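We begin with a single chain expressed as structure tokens, specifically the form predicted alone.
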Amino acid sequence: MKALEVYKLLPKTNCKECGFPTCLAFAMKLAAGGAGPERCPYLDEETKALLGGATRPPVRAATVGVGARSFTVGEEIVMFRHEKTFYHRPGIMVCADDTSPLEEVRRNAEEVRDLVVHRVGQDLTLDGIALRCESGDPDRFAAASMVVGECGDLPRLLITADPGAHAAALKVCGQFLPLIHAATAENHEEMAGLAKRYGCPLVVRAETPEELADLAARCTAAGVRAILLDPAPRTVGDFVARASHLREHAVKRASPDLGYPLYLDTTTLGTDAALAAGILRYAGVIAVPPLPRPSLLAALTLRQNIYTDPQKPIQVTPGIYPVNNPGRDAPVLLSVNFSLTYFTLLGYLEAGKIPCYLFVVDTAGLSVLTAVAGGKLDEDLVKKSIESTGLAGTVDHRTLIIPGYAAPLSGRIEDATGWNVRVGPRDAAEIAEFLEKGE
């Protein structure tokens, strides 16, 4: 609903009891999803329900785990990221089963916990352990879950169709809010009861949208607070088709009972292709088998790219960055604060082992070529950056090397700053050779 449509349903008293100065301001916040209708004390329950359904994100949120490693999925509002960014990246949870020795389960959990990949200024990590009850023994399942819990606040996904096994595991880890899989037509009453008792998010599993909507409605009516949908795909293509259909229904609010994050288990679909499909096509939680490191790195990189706001490029902080222990006579290289540019250039400089300073200016995260073309990188910005960073006090010389794509600015930068300007290569891969030759 638009703000004016919301406003028509409000009391229009401007009482300020909601925390906003006017009812119109409150309506604008409601329409943007920044507040809930319960903040107005004068709305009846019917109106609150209407506004709650119309102003909340079409895909509702679900949080898995507690503590620093917990993650939230859902709260998405669009089909495509060029319309508006995707907000909550999917949680990638690595599978283990309770038939393995407990020390092996512990080792796998520690590997998942400790994997950190640093890329363009961000730490990329896996999100948790998906524990399967393959033994059929509730006590064994509970013991394995406890071992995972001993590895820190790593979120858990408990996978079994047996409510009794879930009950045993939840006795030892329910307070850590694991995701439990899955409620079906046969067991949804018992599973919903467990999810409600422990406050855990619950996956409901069915093959058709109608069955999923029915199960989701039954479980929410039973008191489950957070739900994910498992469309039970048989192939990767099947998942893409079903996920797209469910997302479309959610975004258009055609069926409120389908407005939940999606779950995908890739273990039976073919690992890499299914994992990529899940990241690209709306999966909120993805269970994967243990994968080789290259596959994990590719998946983490893909997820980072898809869940980066296309309107807000990843940026580094402007400033002076010493590389390879430079002295006061080391060359100074002008660069921009677009993270990919910065880290690519930094990699080549570190590999070349040439002492220098990276002088990073604020172009709002734009690349060199885009910043020059759009007027974000000009002589005034360079002059102000030299003054604000104290660059003149860092080195004894007054020579600035600018990127090849900024060559049209060389004369203007010299006139504005009084520094001698040299034009470097366009390709960062050539920077080490350029500095060695002193061209």
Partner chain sequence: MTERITEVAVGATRTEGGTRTRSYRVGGASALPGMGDAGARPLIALEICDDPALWPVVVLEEVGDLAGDLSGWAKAAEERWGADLVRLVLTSTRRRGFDDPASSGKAVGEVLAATGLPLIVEGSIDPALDTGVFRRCGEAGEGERLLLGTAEAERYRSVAAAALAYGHAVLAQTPIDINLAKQLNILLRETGVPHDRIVIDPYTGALGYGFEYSYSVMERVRTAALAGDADLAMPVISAAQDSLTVREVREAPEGERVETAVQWEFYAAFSAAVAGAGIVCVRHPGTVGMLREAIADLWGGEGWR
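Residue numbers count along the first chain shown, from 1. Note that the coordinates shown come from a computational prediction; the quantities given were computed from them, not determined experimentally.
Just so it is clear, the following notes concern the form predicted in complex with its partner chain, a form of the same protein that is not shown.
Going by heavy atom distances of 4.5 angstroms or less, which of Arg328, Arg253, Arg293, Arg197 would be at the interface with its partner chain in the predicted complex? Filtering the options by heavy-atom distance leaves Arg293.
Its partner chain isn't shown here, but in the predicted complex which of Ile320, Leu297, Ala161, Ile354 has a heavy atom within 4.5 Å of it? By the 4.5 Å criterion, the partner-contacting residue is Leu297.
Want to guess which of 305 to 313, 93 to 101, 132 to 140, 162 to 170 is within 4.5 Å of its partner chain in the predicted complex, heavy atoms only? Partner-contacting stretch among the options: 305 to 313.
Is there a non-hydrogen atom of Leu275 within 4.5 angstroms of a non-hydrogen atom of its partner chain in the predicted complex? Flag for Leu275 set to yes.
Spell out, yes or no, whether the shortest heavy atom distance between Phe359 and its partner chain in the predicted complex is within 4.5 Å. Phe359: no contact with its partner chain in the predicted complex.
Phe176, heavy atom within 4.5 angstroms of its partner chain in the predicted complex: No, Phe176 is distant from the partner.
Any chance Pro209 has a heavy atom within 4.5 Å of its partner chain in the predicted complex? Yes - in the predicted complex, heavy atoms of Pro209 and its partner chain come within 4.5 Å of each other.
Heavy atom within 4.5 Å of its partner chain in the predicted complex: which residues of 112 to 148 meet that condition, in order? Only a single residue, Arg119, comes within 4.5 Å of the partner.
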